[in-house]
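Single chain ahead, written as structure tokens, the form predicted on its own.
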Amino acid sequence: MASLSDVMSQHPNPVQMLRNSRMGIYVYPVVAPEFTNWRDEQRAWRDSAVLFDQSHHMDELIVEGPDAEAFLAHVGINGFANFDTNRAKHFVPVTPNGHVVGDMIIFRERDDKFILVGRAPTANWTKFQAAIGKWKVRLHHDPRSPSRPDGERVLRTHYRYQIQGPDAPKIFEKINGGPIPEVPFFHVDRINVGSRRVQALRHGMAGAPGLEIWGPYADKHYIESTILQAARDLKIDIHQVGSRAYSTNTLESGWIPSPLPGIYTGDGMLAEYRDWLGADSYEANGTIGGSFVSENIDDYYVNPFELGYGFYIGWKKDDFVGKAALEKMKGASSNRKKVTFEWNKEDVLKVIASGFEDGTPYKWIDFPQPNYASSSADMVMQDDKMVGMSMFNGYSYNERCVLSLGVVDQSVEVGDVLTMRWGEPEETQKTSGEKHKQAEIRVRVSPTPYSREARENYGGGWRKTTA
């Protein structure tokens, strides 16, 4: 079977392979683009209540067996000392070189059973680690739904919903038939949804209070209809959120969802991984988009300290993949820090206006989500020096501005006005990028999370601007 290594061998370097991928835009599958309109759907997670259908766009990986905890502690950077049953963590694996592979949310259901939910790179890396080791574990992988099912019936192992917003607690009490337990942040308890008993994680994708619930996929329609009926009974203006608005919720709360997996270079385990990973994988077909072009793929990688994940690291563990590299990176002045970029309104309008003029326009800014690649890298400049990289962008109706998340050098301060180069410097074979010219857009460096609600009330600190 063809591998990632085989695909890479057909290109001058990994950057050229990924910049010229013809995969198209990253699709959030199955869920309708809009249920009302994306502006009201964004507004509702701050002003009333929303229902996110998370059943289709994420991989699910079940890991169980007598060595499940030891195995996952070896694969991820996280400490497991306080990881009791009915808790969750933000699970982050890195390569032996200390570069982030991806992330997933990990739930502990039993002493010997864990469920991981998130994007494909972490699921793939975890499966590989099980394949090359001698761990007593069993893995069941339920990949995300097809991007374009073309009318075929789609089934998953579990449904997954999140109810969020200031009116969400009233809905919880209604569907539970009484007050729900006080669930601490990233803890799991059980509540009722009508006649069904479901697991519920205290969480909130847009940074406001919420619960994430899941159960057998066969119950999906009943769960959804029960939640919506409860909101109607309470006269709450709940909005189902479509795929257009869903992907923008992280802009206000500060999570960068799609860093490039740091797996395209390196010897030893990494070379073996590229031989093991299929040519049909996310990593072999993903895209890099943006103004930053380097011949060295390593320039696109990030480490946990740059994303604000340094405090996750279980330094007391005997060993885990990447520990030695992270020990060298810790405290390094070369580590960048995560920030939010607030795009200048006049510059954004200038870019949009070019689409109504003769000649080659600037790169179109689609609303509410302008990303046109699975991983983005736009240059952020201070005079003639590149001091950062914009990695995920979108429009927030709540904030009335375009925002992006990314990383900057340690010397950059909140409040600094920098210049982002928007658009690609040359044409590629991407199907998601039209012919265009580059624009310069002023960006103000802002805190992460950008939303005051998320900054002041969201549990933990991993979404916050790093020092």
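In case it trips you up, residue 1 is the first one in the sequence shown, and so on. If you're wondering where the values come from, they're calculated on a predicted model, not measured in any experiment.
Although not depicted, the form predicted in complex with another copy of the chain is the subject of the following passage.
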Of the candidate stretches 330 to 338, 79 to 87, 347 to 355, 384 to 392, the one with residues having heavy atoms within 4.5 Å of another copy of the chain in the predicted bound form is 347 to 355
Do all of P66, D111 and R274 end up near another copy of the chain in the predicted bound form, with near meaning a heavy atom within 4.5 Å? no
So in the predicted bound form, does any heavy atom of N37 sit within 4.5 Å of another copy of the chain? yes
Contact with another copy of the chain in the predicted bound form for K363, defined as at least one heavy atom pair within 4.5 Å: yes or no? yes
Heavy atom to heavy atom, is K316 within 4.5 Å of another copy of the chain in the predicted bound form? no
How about G268: is it within 4.5 Å of another copy of the chain in the predicted bound form, going by heavy atoms? no
With another copy of the chain left out of view, choose which of L234, I132, L228, V154 has a non-hydrogen atom within 4.5 angstroms of it in the predicted bound form. V154
So which of S48, T419, S432, Q438 reaches within 4.5 angstroms of another copy of the chain in the predicted bound form, heavy atom to heavy atom? S432
